[in-house]
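Heads up, the chain below is alone and in the form predicted on its own; it's given as structure tokens.
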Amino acid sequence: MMMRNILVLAFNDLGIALKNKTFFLILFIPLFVFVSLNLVDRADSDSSKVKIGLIQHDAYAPEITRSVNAAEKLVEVTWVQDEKEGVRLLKEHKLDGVLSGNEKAPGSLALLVLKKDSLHTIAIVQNFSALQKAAEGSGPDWITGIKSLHQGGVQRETLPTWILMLVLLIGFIILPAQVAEEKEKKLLIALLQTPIHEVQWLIAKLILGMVLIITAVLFLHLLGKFGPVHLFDYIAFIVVGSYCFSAYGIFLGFLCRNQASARTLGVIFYLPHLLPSAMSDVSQKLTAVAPLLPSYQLYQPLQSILLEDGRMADMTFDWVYLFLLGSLMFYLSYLLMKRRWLM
């Protein structure tokens, strides 16, 4: 009798988990991890080409130019007019590094990259080390100096990732669950019987999400004592990002009947938006995938402003994209609310 009751309760819980889509989450996470691991570059795979910029008026050693020109499968060369053009192409991710003559060590090279400990930097150093050994056998390395455009230490370099995590956590986990809770408990239906209009409720929820995000980011800065380079541009992207993902979260909440479903759906959206963008610097495959996600349109500008002295004027597409996506999600939420979707 006791065993039967236990089995009945266990199957009932499994049925509820299936109804609330919690069981789908158990299947989704291993599938997502499998896909992500296949997108991350493997150590035993053939190295992809590294995109190198060479400055036209710099004098490179003949052995270096001959080896680079011969290694078409390893190195893709782009000639730039000066270092300024090379920096611009680096920031646009069209180059992995720029090689110039090293004034401190004549005959050797100085490497300029976005980030010293990135996958691209490691690949450049390894490829040029192999070319040097093939051309000269033993001898001093061709690359004797590495400079990084990213300013600050490890804490500052990881700041865009932490900010993105906070934005997505509130947008995809907290807000959908709160919207679904009000639907589940019939609070929203009761509220709509009053003179309150649907748009007023949506704007209030939007303000809640934006305030939560901005407060979390501000608290992070107060604890870490981080100071962005261009304050106005930085705040503008935080505001438009919080607007976009707050509206996104409200829309997800309307797609669910209860809190459990909202939390499950939130995680399903949270992980694919967080990991590819945050890991785009360590995988060439993810670098190609990440720009397809809305989260990257927030992550990349924040990274540029905080680490590369970027300006909002150079990132018009990103903030327009975030604003339009947020407006679309707000409108779709309004349509679902008018239809009393799953209420």
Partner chain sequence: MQLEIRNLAKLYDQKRGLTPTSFEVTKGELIAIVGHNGAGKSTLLKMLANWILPDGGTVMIDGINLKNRMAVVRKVGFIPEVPNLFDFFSVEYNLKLFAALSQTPFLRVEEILSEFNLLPFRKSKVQALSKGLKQRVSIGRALLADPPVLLLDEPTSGLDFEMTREIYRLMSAMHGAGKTILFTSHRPEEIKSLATRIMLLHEGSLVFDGSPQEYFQSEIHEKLYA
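Note that the structure is predicted; figures quoted are calculated from it, not measured. Positions refer to the first chain, counted from 1.
There is another form of this protein, the form predicted together with its partner chain, and it is not shown here; the text below is about that form.
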{"property": "Its partner chain contact at Ile238 in the model of the complex, heavy atom, 4.5 Å", "result": "no"}
{"property": "Interface membership of Pro195, its partner chain in the model of the complex, 4.5 Å heavy atom rule", "result": "yes"}
{"property": "Its partner chain contact at Lys94 in the model of the complex, heavy atom, 4.5 Å", "result": "no"}
{"property": "Contact label in the model of the complex: Lys185 to its partner chain, heavy atom within 4.5 Å", "result": "yes"}
{"property": "Location of its partner chain contact in the model of the complex, chosen stretch of 79-87, 268-276, 248-256, 186-194 [non-hydrogen atom, 4.5 Å]", "result": "186-194"}
{"property": "In the model of the complex, residues of 318-340 near its partner chain [heavy atom within 4.5 Å]", "result": "Lys338, Arg339, Arg340"}
